[in-house]
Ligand code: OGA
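Read the single chain below, which is given as structure tokens and is the form predicted alone.
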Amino acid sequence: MISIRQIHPVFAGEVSGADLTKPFGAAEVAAIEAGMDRCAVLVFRDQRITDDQQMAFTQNFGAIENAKGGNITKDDQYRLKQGMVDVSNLDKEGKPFERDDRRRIFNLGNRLWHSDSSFRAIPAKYSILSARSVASPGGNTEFADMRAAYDTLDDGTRATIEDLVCEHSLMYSRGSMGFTELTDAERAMMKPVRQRLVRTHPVTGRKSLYLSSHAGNIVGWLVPESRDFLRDLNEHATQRELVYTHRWRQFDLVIWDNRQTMHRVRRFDETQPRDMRRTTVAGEAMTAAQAEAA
């Protein structure tokens, strides 16, 4: 029987009684979804699963998101099967990337606070990350509760942001780290999309900030004032008391709700293999009316 124990004062839970190598029944799926609505991040320990089992578990919660458009890996460089997102530091031969490998440099953007797929017109629902091998020391993943971030804003700021819309693109997050040498095809793939700055959860009705390093501009604002304001919001949202740090063990699996959290990975010894495999549950709706971005 599934039970969930909260492991952080604000959010995040650890699940017991679940075996992800086996099919889930309706009651088990409902228990996980209720736990996600409450905790936003759930940790499963010692889940020795295959890629197919991970995808089967993912499909309990919706369709698997198409990974195309979320990286710069060429078709002949993919290490994992379709449906799996490779957030490892490994090439197709299973060796850690060289320091100057373009894929490694691009992936350094995962160390910025972000919400997965906020750069898509229909952003992701859940992300599910399986640790097949972990690097030590470092490599922790930090999660910020964006519901608590919204709740702890002052009334004036909440009034200011209520109807704001931001433009999100991988060009903003990677550009902030100096990764600007993109091909025309990559720029077309990373065309900005619009997302509301305040989201309302479809089940609980709870409001949250929808921030990400992918957010580079507020529609109708000057770019410098947009980025100044967004930086202040990000600093508020990532206060230590609102952040859960997950210290990975091999065969951990963590699922988080991109509608209610941000996350980032921390530094680790990149000479060691870190094999992390993600599946993503596709979102169901846009957060803002889409229009041609400037």
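Computed from a predicted structure; not experimentally measured. In case it trips you up, residue 1 is the first one in the sequence shown, and so on.
This protein has a second form, the form predicted in complex with the ligand, left out of what is shown; the following refers to that one.
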### 4.5 angstroms heavy atom contact with the ligand in the model of the complex for D116
yes
### Task
Please check if H263 has a heavy atom lying within 4.5 Å of any heavy atom of the ligand in the model of the complex.
yes
### Task
May I ask you to state whether F57 is within 4.5 Å of the ligand in the model of the complex, using heavy atom distances?
no
### Message
in the model of the complex, does S212 come within 4.5 Å of the ligand, counting heavy atoms only?
### Response
no
### Message
I need the one stretch from 93 to 101, 201 to 209, 161 to 169, 107 to 115 whose residues put non-hydrogen atoms within 4.5 angstroms of the ligand in the model of the complex.
### Response
107 to 115
### Message
For a quick test of understanding: in the model of the complex, does each of V87, W256 and R274 have a heavy atom within 4.5 Å of the ligand?
### Response
yes
### Query
With the ligand left out of view, which of T141, N217, Q195, S173 would have a heavy atom within 4.5 Å of it in the model of the complex?
T141
